[in-house]
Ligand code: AHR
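Next comes just one chain, in structure tokens: the form predicted alone.
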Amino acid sequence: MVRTINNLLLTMHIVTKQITLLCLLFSCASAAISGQVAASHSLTVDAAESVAPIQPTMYGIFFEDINFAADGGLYAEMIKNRGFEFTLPKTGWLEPNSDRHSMNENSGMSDIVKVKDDPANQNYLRVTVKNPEGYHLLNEGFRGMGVREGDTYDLSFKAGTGKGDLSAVTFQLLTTDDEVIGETTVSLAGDGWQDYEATLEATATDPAARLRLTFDAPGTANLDMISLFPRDTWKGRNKGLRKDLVQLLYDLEPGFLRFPGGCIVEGRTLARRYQWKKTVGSIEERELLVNRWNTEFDHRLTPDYYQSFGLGFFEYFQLAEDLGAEPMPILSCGIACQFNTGELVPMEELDPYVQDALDLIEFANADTTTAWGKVRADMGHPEPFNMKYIGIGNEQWGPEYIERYKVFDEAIKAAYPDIVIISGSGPFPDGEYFDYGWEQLREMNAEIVDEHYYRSPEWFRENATRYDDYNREGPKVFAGEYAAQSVAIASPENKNNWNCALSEAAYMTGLERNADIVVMTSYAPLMAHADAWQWTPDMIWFDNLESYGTANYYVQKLYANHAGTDLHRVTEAGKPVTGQDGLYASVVSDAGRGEVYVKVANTSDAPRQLDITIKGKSLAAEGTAYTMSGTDMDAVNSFDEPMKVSPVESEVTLRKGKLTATLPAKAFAVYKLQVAK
């Protein structure tokens, strides 16, 4: 009886809790409904007047070789340390059956042979085989090699045989379980250096495969420039770029491509700065350089991070051309990274740095009768790249930068007055360095000033009016590096979550509203290898086989795909929509496409009823909405759910020039409206 009463009381308690919960849910629902009604916003767009032209360069791409974005990423080479030129020359190469201290006499070994007269090719590998069945070499690739069933892989290498009967090398793709999933054997012609090519067909898929080399007989062989590329590269180019990654960039419809960085332009020291002349010409003649990000962060040490420069300045220009983007190279100004050594080239020794800039313009734009124009032509592009922009320095600061920048500015303008020079305001969006840089550059009548900001999501939402009061008579602005940081700058815990992406979407309405002064923008960094990154967050993530765009990527894509040609005013009660009640808005039109794009971010916790009146243009009755939304602010895209936070397309209807739509809580939408014919 007691047990029965207790059970009854327990049941009544559970029912009571359920009723209370239902009442709470009903109350919340009622409040939400009430909030929807109360949160109605009437926006007015003046589509008759163009406030400012939207520059074709408004939304672009910033590329830096960080997070294995080039070697191991965009550059499709699968062999790590193909030329044995790393500081530790056997990095990436393994000899599983060889012990250097107690060598198996029935096995074999390899030694690095030094060649001192060629800075681009100082080493090659000499293999001594005693028992072909007991000795082999392995290359581990870049955290493995992504191999896909049915695909073809192009192998090339240099070799020469020595003493003994060794006359053939077998190359095998191995899975992580040592299963052979691709194989080819190449006969060696003789003792002199020869170039060899072959193909391997993959019989299975593995994201972390390796390449094994075995030998047919005892003897010696010299090996160098062992290279493996997928046949299916971007545009089918031999030894080209990774197709899926370039496609993600192409889909952004970027207005410019800034390269090669970033801090790698500066280098930790001047000797390790990026020197563009070492990245053109024959791949074999390009001098390898340790990547300045290899040991920058204790949380992600990557001492095997080098730059082969297979992706060099010619390939960057070619990529920009493929993307339909303006090339925007950035060069060293003679100051090493000021967060590292801050090494300065003396002013009296600055001329070679300035000449590098002048020669780069010749390489990009001059005819084939010039020295550097001929280099470009010999690489397969006799037509000029028509470069319009060049950046001097990345994010240097202080009098040392201004003093050196002036020398570059005078020399470039004297030789090439039409080239637009991009200067920098330092690494921060405010403070002493920033103020000093802007003051000096304004006095110099600088053309475009590059600003960088990595701040919290709250900062981005609160600074949507950043450029409203900028001096319209001074230099234009390039928002060259920005990204909301979910935790803190350079924290390995930063995530590409919806909170950051939505905050950036809100902020970008402010960039667009000020298109008369803000003429270029780009998120940074661009790419990260899931198994070899140093910095977070990043716009695109990839492993050796797959890739995906983050929520931030899709925000950038919505803006860039709907960049427009003309800016229009959008107001509520006569005021710009800059965060009131959580709403942010900007509007542009595209004269060529005959379309109007209304961009609205709702950062509040409740839906917003939008009544948008478009004056000055007659619009079709139906339009399209691209909406990103979600109340889980920690939501992220992933390899398993690559489209978890991405735009959803729907139809919208206009009545008498008015668009009525409900924008969900925590949402960003672009409304594409067609001008009536």
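Only a predicted model underlies this, so the values are computations on that prediction, with no experimental measurement involved. Heads up: residue numbers just count along the shown sequence, starting at 1.
The form predicted in complex with ligand AHR is left out here; the points below concern that form.
When contacts are judged by a 4.5 Å heavy atom cut-off, residue 157 does not count as touching ligand AHR in the model of the complex. Contact annotation: residue 503 falls outside 4.5 Å of ligand AHR in the model of the complex, judged by heavy atom distances.
For residue 293, a non-hydrogen atom is located within 4.5 Å of ligand AHR in the model of the complex, even though that partner is not displayed. In the model of the complex, ligand AHR sits beyond 4.5 Å of every heavy atom of residue 219. Only one of 262, 334, 72, 564 lies close to ligand AHR in the model of the complex, with a heavy atom inside 4.5 Å, and it is 262. This chain appears without its partner; in the model of the complex, the one residue of 77, 395, 595, 362 with a heavy atom within 4.5 Å of ligand AHR is 395.
The candidate stretches are 193 to 201, 226 to 234, 262 to 270, 565 to 573, and the one lying within 4.5 Å of ligand AHR in the model of the complex by heavy atoms is 262 to 270. Residues of 51 to 67 placing a heavy atom within 4.5 Å of ligand AHR in the model of the complex, in sequence order: 62, 64, 66.
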